[in-house]
Structures are given as C-alpha cells and as structure tokens.
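Next comes just one chain, in structure tokens: the form predicted on its own.
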C-alpha cells in the first residue's frame, strides 16, 4: 500500500486571483513588504491583471477589509500585509492580537487562504530586517504561502 501525499507547489496557483490587503500605518516598512509580495507573485507567473491591492488605514482594520474583499470580489487568496511595532503601551498587544485573530476568522469563514504577512515586532530595526534586509522579506513569504495554499486546495478531494 502506498500513502498518498498531497502538497502544494508554486505553479498551480499562477492562474489564480489574488487580493493584497495592506495597512498603510508604518508605510516605510509596509511598502517594502508589498513590493516583495508583488515580486514573488510575478516571478511565479501571476499576471498583474490577477492582482488587486487594497489599502486599509492600519493593521487593526485589515481583517474587516479582508473579509469584505473576500466576500465581494471572490479572490482565490488574500495576502495581508502590515506592521505593528511595539511601543511603550499595551496598544501593541491589542492591535497585533486582533489582527491575527480576525484574519484567521476571515480565512475559515471565506474558505480561502489568508496569508499572514503582518509584522509584529519589538522594534523598528526588527521591522526593517523582516521587510527585505537580514531576515528576508515577509511580504514575499506571505505571497509564496498564498500561492502554495491555492495549489494545495485545488488538489483536495481529487
């Protein structure tokens, strides 16, 4: 008996429709995440006509916009990008936690991948490292996750 293994790749999702929901707050970091995501999608054969970018004020607003985009435009995946940088108050925990929880709910309710490319970091230096320098580009990683999940979900039940 042979065990069947089903896994995604970066090729099957090339013909899919992608929505990128971007929080504008901390734009000096977030714009690099967006460029990384767009570059990753393009490099894997996704045409620009299959990508739409939606801009929310900040990370707290990303889940609602992602929910509405998923419901109204029916993308194959949503890529959420933003940056929450810890400050001297508990505000960080509220924003980061609600953003993560909300995006998880959107994914399950809509039945589509919602890739989490929202940085939740302790410092500006960490944010810069994760938006294209030392630690790679988490926007590109989120786009690759979305590509892989689209391909994987296409295979479920085959």
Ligand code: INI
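Residue numbers count along the first chain shown, from 1. If you're wondering where the values come from, they're calculated on a predicted model, not measured in any experiment.
Same protein, other form: the form predicted together with this ligand, not shown, and the subject of what follows.
**Student:** Among 127 to 135, 104 to 112, 60 to 68, 42 to 50, mark the stretch whose residues have heavy atoms within 4.5 Å of this ligand in the predicted complex.
**Tutor:** Among the listed stretches, the partner-contacting one is 60 to 68.
**Student:** Using a 4.5 angstroms cut-off on non-hydrogen atoms, would residue 25 count as touching this ligand in the predicted complex?
**Tutor:** Taking the distances in the predicted complex, the answer for residue 25 is yes, it comes within 4.5 Å of this ligand.
**Student:** Answer for residue 29 alone: is it within 4.5 Å of this ligand in the predicted complex, judged on heavy atom distances?
**Tutor:** Judged by the heavy-atom cut-off of 4.5 Å, residue 29 is well away from this ligand in the predicted complex.
**Student:** Is there a non-hydrogen atom of residue 34 within 4.5 angstroms of a non-hydrogen atom of this ligand in the predicted complex?
**Tutor:** No - in the predicted complex, heavy atoms of residue 34 and this ligand never come within 4.5 Å of each other.
**Student:** Does residue 77 make contact with this ligand in the predicted complex, using a 4.5 Å heavy atom cut-off?
**Tutor:** It does not: once this ligand is placed as it appears in the predicted complex, residue 77 has no heavy atom within 4.5 Å of it.
**Student:** What residues of 89 to 118, in sequence order, lie within 4.5 Å of this ligand in the predicted complex by heavy atom?
**Tutor:** Contacting residues: 91, 95.
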